[in-house]
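Next up: a single chain in structure tokens, the form predicted alone.
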């Protein structure tokens, strides 16, 4: 399946299928691959056709989104006389994609990028929209650029039957369903942890999410118009929880917790009467997710991260909330009021 999108001046082609990664090695002999080291170990056969000197392996996890790794890869490219008309391709999840995207946007002022996301989370979220970030001084994505891949290759052979991977992605998937396209959550609720792995179902789920996210990014290519704000539902609290837990609570679970808390805040302050918690709970039950718990101490520690949230302006925090299935609104809350209500909501929902 091939879909095409226009983000600013960039054309982005999204290709989905089973086993299509093997076709890439014949495309361009000048491709330099930045690859998750874990994938190199797991899928030795898939990488055999690629010249080993064109592969740079990075460890999975937030530690790879660092200036240290950035400098190492830039040094490798320079030593190989990598040219501006060549292509960088990354193979891995969101952290590898962030690093590769940042490198491709800055090396020689920009080279072509191909994204090969290998986790469901990266397929439905981080590989799309062109945002790339490095972490600095413990703050997630403090340094960043915009760089859209010319092509996103979604090879479902990397994800086949991986229940944990789907669970990790459900935070972002449910968010898209609540805020943009209710058919996403309807598809989840009409299946379960076993039936969703039918090839047609999982590909349909992925592409519904791709369409939902790209419909927003096409209208707001550089996140300057406020339209992309809808994609931040659950992320103000979620990113803070992620940071406080030192990534013990992964992004998808943190976003799920964040959506629960932010929904409760919005309802408690009278911004919406809609309560999405039943849908969230039904889906977490169907897909056998054991939600991590957080306590008052973690919420208190998360406040310093919330105070650094990029959505704050003049002491006002702008967050999106669902108002009915598949629809949303943006609300403005004083930061101190948000933190006060977060503590209350956390006590009710997450302890």
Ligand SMILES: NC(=O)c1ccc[n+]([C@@H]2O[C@H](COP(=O)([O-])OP(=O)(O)OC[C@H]3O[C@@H](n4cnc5c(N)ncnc54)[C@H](O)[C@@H]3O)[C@@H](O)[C@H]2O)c1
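Between two forms, the rigid core is defined as the largest C-alpha subset superposing within 1.5 Å. Remember, it's a predicted structure, so these values are computed and weren't measured experimentally. Positions refer to the first chain, counted from 1.
Form predicted together with this ligand: not shown, discussed below.
Shown alone here, residue 260 lies farther than 4.5 Å from this ligand in the predicted complex, counting heavy atoms only. Using a 4.5 Å cutoff between non-hydrogen atoms, residue 158 counts as a contact of this ligand in the predicted complex. None of the heavy atoms of residue 86 is located within 4.5 Å of this ligand in the predicted complex. The shortest heavy atom separation between residue 122 and this ligand in the predicted complex is within 4.5 Å. Note on contacts: among 305, 70, 43, 287, the single residue with a heavy atom within 4.5 Å of this ligand in the predicted complex is 43.
For the candidate set 232, 132, 209, 185, a heavy atom within 4.5 Å of this ligand in the predicted complex is found for exactly one residue, namely 132. Taken together, 98, 126 and 140 are fully in contact with this ligand in the predicted complex: each brings a heavy atom within 4.5 Å.
The stretch from 291 to 299, 321 to 329, 56 to 64, 278 to 286 that comes within 4.5 Å of this ligand in the predicted complex, counting heavy atoms only, is 56 to 64. For residue 131, a C-alpha deviation below 2 angstroms is recorded between this form and the one not shown after rigid-core alignment. When two forms of a protein are overlaid on their rigid core, residues whose CA moves 2 Å or more are considered shifted, and residue 239 is one of them between this form and the one not shown.
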